[in-house]
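Take a look at this single chain in structure tokens; it is the form predicted alone.
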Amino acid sequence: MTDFLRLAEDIAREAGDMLLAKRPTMSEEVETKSSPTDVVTALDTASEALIRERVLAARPGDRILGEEGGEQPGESDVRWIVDPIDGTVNFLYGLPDWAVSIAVEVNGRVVAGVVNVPVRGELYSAALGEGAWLGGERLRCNTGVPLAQALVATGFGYSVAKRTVQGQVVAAVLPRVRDIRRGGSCAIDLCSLAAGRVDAYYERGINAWDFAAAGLVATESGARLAGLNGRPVSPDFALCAAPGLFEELHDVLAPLDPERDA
């Protein structure tokens, strides 16, 4: 796992440096994906191409799943899960909360994860059973926080139907908690939870490349990450918080049926 983590860190740093260097000249090259608000820049594609090239140069038999390029088959039991820019809208607008996310999965289990937030100069990392780290600092999520005092991060999808429901859900959650934060990057939200910058996080519609690396950072900090009603985390729903707060927030969210469409 140490070798996986070191390689992922090196690649995430290189991709982040490239994005910082090239963003002012390429950010205007924008296309859309699932909806007019779901954007992809030329640098999303360039970042993923760089990451794929570096991974395969070091480990040519491994598989790769990337947000932009999909699944690339391989011969080994190792799969790299890549989000070349998590928070593309923030990236496009010049906001600081976007990240390069790289996870390593062995036989279906994530064993290493790195989230590089280049503008902030922050590199989050975790290895299974070895803890979560920001630089040289061991991360531990906030514990013992009651729901009424919890700062809760969330995000919104791209379709009108999903956003309508998400608006209804957040309106019901807001009076029950300290406040809501919407940063625009699932990976950074989960890492912020690990660092104690927020107390909880929930969202519908995130994918494996969004949460694979940061989810390991969060769970290695002591948080619980799962879906609703005992299901695993998935695009249907993700909820993350320290034990105790996790259950309190779950019991607020579940009756709202946040996985439905309007």
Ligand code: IPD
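Just count from 1 along the sequence shown to find any residue number. None of these values were measured; they are calculated from a predicted model.
Form predicted in complex with the named molecule: not shown, discussed below.
Taking non-hydrogen atoms only, residue 88 approaches the named molecule to within 4.5 angstroms in the predicted bound form.
In the predicted bound form, the named molecule lies farther than 4.5 Å from every heavy atom of residue 74. Taking the partner from the other structure, the named molecule in the predicted bound form has no heavy atom within 4.5 Å of any heavy atom of residue 223. In the predicted bound form, the named molecule sits within 4.5 Å of a heavy atom belonging to residue 206.
Here is the short version: of 182, 120, 178, 140, the single residue with a heavy atom within 4.5 Å of the named molecule in the predicted bound form is 182. The candidate site formed by 5, 105 and 131 is entirely out of contact with the named molecule in the predicted bound form, as no residue has a non-hydrogen atom within 4.5 angstroms of it. Proximity to the named molecule in the predicted bound form, taken as heavy atoms within 4.5 Å, picks out 183 to 191 from the listed stretches 183 to 191, 145 to 153, 122 to 130, 107 to 115.
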